[in-house]
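One chain is shown next in structure tokens, namely the form predicted on its own.
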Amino acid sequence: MTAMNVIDADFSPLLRVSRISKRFGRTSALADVDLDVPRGSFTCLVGPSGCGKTTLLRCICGLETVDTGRIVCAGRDITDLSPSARQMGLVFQSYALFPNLNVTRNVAYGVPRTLGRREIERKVDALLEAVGLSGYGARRPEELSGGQQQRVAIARALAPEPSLLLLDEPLSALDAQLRLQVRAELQSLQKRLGVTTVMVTHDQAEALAVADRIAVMKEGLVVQAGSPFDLYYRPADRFVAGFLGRMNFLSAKAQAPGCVQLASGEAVGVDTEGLAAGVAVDLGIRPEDVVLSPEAANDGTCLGLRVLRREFVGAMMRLEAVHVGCDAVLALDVPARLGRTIGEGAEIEVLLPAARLHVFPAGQV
């Protein structure tokens, strides 16, 4: 099977990372990391700086050796293989194109030397067509846009027909507008080619936009992996909830079964299974889930807030408002036409729908 086959229907893991660890001197970069990458998927590794995501990528491709654990790709144990023997394509942050070679020769550099000249030419032409660059073969890298350079780098990485494509922060050098365009092109290209892809990015919004699987890392561990929808709406802990998008947090204590009490005294109905009475918790809710001007409160909890500031973000207006009872600041997103009518200092009433609330152990970071 080549890198250009369509996604397998069984969505089985192509890559399995099992309990790998890596230390640099006294610093632990990876600590018993487990990760499955489904065949044909676009998986993003995200996390704060220093969490180990780039080290994990380098261990997968063989640029770093692991201290413990195993890496299996396409049924082969590749833990101790050299980078060249792993059948992986790697695209660096800078794309690493040869400035003195035209597009054709850059891509041809990745083609196995065992092929004849005409076969190499046919393969290069097919790759350039696949990435939407037919007719660009004679151009030099400096004559291409950032997005086109990225596609050349991907074509070169795909030339040896790798089982896995690895991308290390491929969009970080682009300006904001071009970044949006190129990430859409990248997602479309990956789906069209069906090549299993793992990308490192520090941009959470980028991961949510392009990936069909995300692995969130913290301090050398994968703390949660799954679909963007699952991680956004069902975060495993407070760290994941706050890292992927914005999450409001309110301090509370477990009371009777199915009920917690806010620091300001309001009782809130939530799932408290496994929580003893008196245990401190944090309630989380996304800004888009806070309901402004509720007409009925039978499915949630009403709070009175005072608006501190407004932020216009196009179609939406983000309001930052304080709950006077406990000084907690909440963000809520409302349509811009409505938000512009609410000034700073305004008193508003909001509803926290019970179905949109998350419960996390207090003090978790």
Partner chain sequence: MGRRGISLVGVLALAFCVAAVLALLLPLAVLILQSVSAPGSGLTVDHYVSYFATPGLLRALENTALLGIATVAFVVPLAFSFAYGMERAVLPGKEGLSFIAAAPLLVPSLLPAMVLIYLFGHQGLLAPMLQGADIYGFPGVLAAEVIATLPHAVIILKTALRTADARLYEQATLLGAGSWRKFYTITLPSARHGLISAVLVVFALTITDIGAPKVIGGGFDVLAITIYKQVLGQQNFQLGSVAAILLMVPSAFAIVLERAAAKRHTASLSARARSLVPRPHPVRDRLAAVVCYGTAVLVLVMLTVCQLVALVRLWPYDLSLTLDYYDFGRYDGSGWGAVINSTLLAAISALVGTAFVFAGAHLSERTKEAPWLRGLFSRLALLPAAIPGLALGLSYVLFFDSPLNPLHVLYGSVGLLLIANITHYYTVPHLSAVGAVKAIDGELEAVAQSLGRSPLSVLGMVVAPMSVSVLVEIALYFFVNAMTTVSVVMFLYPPGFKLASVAVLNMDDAGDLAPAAAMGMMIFYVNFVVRIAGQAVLASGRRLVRHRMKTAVA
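These numbers were taken from a predicted model, which means no experiment stands behind them. Positions refer to the first chain, counted from 1.
Keep in mind that the form predicted in complex with its partner chain is missing from the display, and what follows is about it.
Just one listed stretch, out of 26 to 34, 322 to 330, 308 to 316, 61 to 69, contacts its partner chain in the predicted bound form at the 4.5 Å heavy atom level, and that stretch is 61 to 69. Between its partner chain and the residues 131, 90, 78, 211, the one pair within 4.5 Å by heavy atoms in the predicted bound form involves 90. Though its partner chain is absent from this view, in the predicted bound form it lies within 4.5 Å of a heavy atom of just one residue from 116, 274, 265, 99, which is 99. Contact check for residue 160: a heavy atom falls within 4.5 Å of its partner chain in the predicted bound form. Taking the partner from the other structure, its partner chain in the predicted bound form has a heavy atom within 4.5 Å of a heavy atom of residue 156.
Although the partner is absent from this view, residue 251 stays clear of its partner chain in the predicted bound form, with no non-hydrogen atom inside 4.5 angstroms. Contact annotation: residue 83 falls within 4.5 Å of its partner chain in the predicted bound form, judged by heavy atom distances.
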